[in-house]
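Below sits a lone chain in structure tokens, taken as the form predicted on its own.
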């Protein structure tokens, strides 16, 4: 049975939608936050933000912008997991816990297999920079490791040696960096794999410079793993709808993007936003805001909040409770997913549409 609550008391979906519309439409500057939803939910949320002249942001924006900021300033050369699996003769993993970020990483990239479309058809070379204990996850596969206590310095030194420029380092460290540099330079098609939460902007910019340098003599690309809660899918939906990613406001009647001004956490804590719609369909995640504002929450059952939202509607998970379209990390594109365990739990898009109807018009 679908549950909706108003001020902690059971209510119908219709009553919850009406109360939600009242809270959001009365706000001077409402913010739609969390945004953990599929493409239909993201589209509805952005249209609702436009109607409310509010702002919208994703719970994983900090991780997304780690890559996106570098991309916007310097560009990034990226490939897909399938291209890496079938063509790359050199895979470079960067940072620890990559399989925590993407549990299917080893299965999907198959580092121990001979790449199908690599003409010499030879075993690929694996490099892991700053692996911690992660290299042990590639059981039975030869891995060239490059330990690092300062990833910025290590990537900078590696880039210098790829360009045959001198570096200052201990003899053993320099020899190791030279060995890795030779592997990279001899690659026919190399791919660097990293997680945004493990590398900061400076490290990603240095890595991008290294990839550019390698492309002067061979082929090399990157494979950022992205973040969860369909953050990449929401970023793409925002891009084709407004021309800009999340952290965007319609306060002036048109989409205005600013990664600082429209950070949902900052807006709530500073008091700039005076109401919020929180969306988290992929997991039981609640906002950790210290400041309390009138809150509408679209979340899975058993999601716990520090303070009961004014309105709460339990929603289903895309691809499990209902069909949905979302970004697939495995394929590097948006895909349609059939519900694996269909239920009567409503989708985020369906609830947002009900709220929009109460304000005036469909989302």
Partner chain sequence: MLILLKGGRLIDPLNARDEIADLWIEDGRIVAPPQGRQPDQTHDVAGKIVMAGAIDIHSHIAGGNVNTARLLLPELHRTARPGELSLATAKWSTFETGNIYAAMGFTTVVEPAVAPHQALQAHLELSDIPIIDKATLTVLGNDDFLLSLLRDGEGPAAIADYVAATLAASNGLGLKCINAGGATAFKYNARTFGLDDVVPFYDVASRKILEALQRAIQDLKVPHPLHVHCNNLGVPGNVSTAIATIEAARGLPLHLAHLQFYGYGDEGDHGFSSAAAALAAAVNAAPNVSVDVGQVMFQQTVTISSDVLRQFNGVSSAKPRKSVIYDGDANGGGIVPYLYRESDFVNAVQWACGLELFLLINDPWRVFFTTDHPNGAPFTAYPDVFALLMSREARAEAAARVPQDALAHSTLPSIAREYNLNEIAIMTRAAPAKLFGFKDRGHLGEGGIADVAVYSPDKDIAKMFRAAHLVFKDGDLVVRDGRVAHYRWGKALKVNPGYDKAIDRRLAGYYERHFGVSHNMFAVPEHILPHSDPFQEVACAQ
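Predicted model only: the values in this text are computed from it and were never measured. Positions refer to the first chain, counted from 1.
The same protein has a further form, the form predicted together with its partner chain, not shown here; the description that follows concerns it.
Within 4.5 Å of any heavy atom of its partner chain in the predicted complex lies no heavy atom of residue 95.
Not displayed here, its partner chain is kept clear of residue 170 by more than 4.5 Å at the level of heavy atoms in the predicted complex. Using a 4.5 angstroms threshold between heavy atoms, residue 239 counts as touching its partner chain in the predicted complex. Proximity of residue 166 to its partner chain in the predicted complex falls outside the 4.5 Å heavy atom cutoff. Contact with its partner chain in the predicted complex, judged as any non-hydrogen atom within 4.5 angstroms, is confined among 129-137, 242-250, 151-159, 275-283 to 242-250. Contact with its partner chain in the predicted complex holds for none of 111, 142 and 340, as no heavy atom of theirs lies within 4.5 Å.
Site annotation in the predicted complex: the residue of 27, 317, 68, 295 reaching within 4.5 Å of its partner chain with a heavy atom is 68. Residues 68, 71, 72, 73, 74, 75, 76, 77, 78, 79, 80, 82, 83, 85, 86, 87 are the ones in 57-92 with at least one heavy atom within 4.5 Å of its partner chain in the predicted complex, listed in sequence order.
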